[in-house]
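One chain follows as structure tokens, the form predicted on its own.
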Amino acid sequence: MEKEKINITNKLGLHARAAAKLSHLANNFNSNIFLLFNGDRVNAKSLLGILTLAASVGNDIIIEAEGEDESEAVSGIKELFEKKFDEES
């Protein structure tokens, strides 16, 4: 199992567009991928699940992946967060 804690730095947090990009990316991996925030654990492949977290800028979130491509999944999702979902320059 791979885990990575990351800080949400994009201005709007995990709003609908960012959550859609995240779930779309997560669905490209075979591993089971989850996001942990404030005691909640949701499937990163579920747009609705991500939106229920209501995670905003400045919050830390944990990416958790288990499976054959877990390292690639965590790295890819971490990169998406670091690029601020391509929403900011």
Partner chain sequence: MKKLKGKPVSQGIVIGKATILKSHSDIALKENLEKSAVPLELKRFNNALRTTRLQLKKIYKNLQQVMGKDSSLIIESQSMLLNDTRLIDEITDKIRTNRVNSEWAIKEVSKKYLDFFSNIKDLSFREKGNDIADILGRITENLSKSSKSEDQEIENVILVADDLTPSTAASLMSKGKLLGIILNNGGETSHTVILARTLGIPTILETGNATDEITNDDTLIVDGLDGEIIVNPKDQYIAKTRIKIEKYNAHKKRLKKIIKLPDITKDKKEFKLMANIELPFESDLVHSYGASGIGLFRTEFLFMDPEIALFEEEQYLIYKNIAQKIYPENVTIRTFDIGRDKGTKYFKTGNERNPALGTMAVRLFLKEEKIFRTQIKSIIRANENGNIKILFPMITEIEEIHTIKKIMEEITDELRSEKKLPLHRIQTGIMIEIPGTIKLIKHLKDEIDFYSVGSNDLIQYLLAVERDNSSLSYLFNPYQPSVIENLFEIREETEKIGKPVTICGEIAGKPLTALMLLGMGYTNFSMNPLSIAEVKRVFTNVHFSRIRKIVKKLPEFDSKSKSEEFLIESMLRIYPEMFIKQPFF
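What you see is a predicted model, and the numbers here were worked out from it, not measured in a lab. Positions refer to the first chain, counted from 1.
Not on display, but discussed next: the form predicted in complex with its partner chain.
When contacts are judged by a 4.5 Å heavy atom cut-off, residue 55 counts as touching its partner chain in the predicted bound form. Among heavy atoms of residue 62, none comes within 4.5 Å of its partner chain in the predicted bound form. Proximity of residue 32 to its partner chain in the predicted bound form: non-hydrogen atoms within 4.5 Å are absent; the residue sits far from the partner. In the predicted bound form, residue 80 stays away from its partner chain, with no heavy atom inside 4.5 Å. Residues of 1 to 16 placing a heavy atom within 4.5 Å of its partner chain in the predicted bound form, in sequence order: 11, 12, 14, 15, 16.
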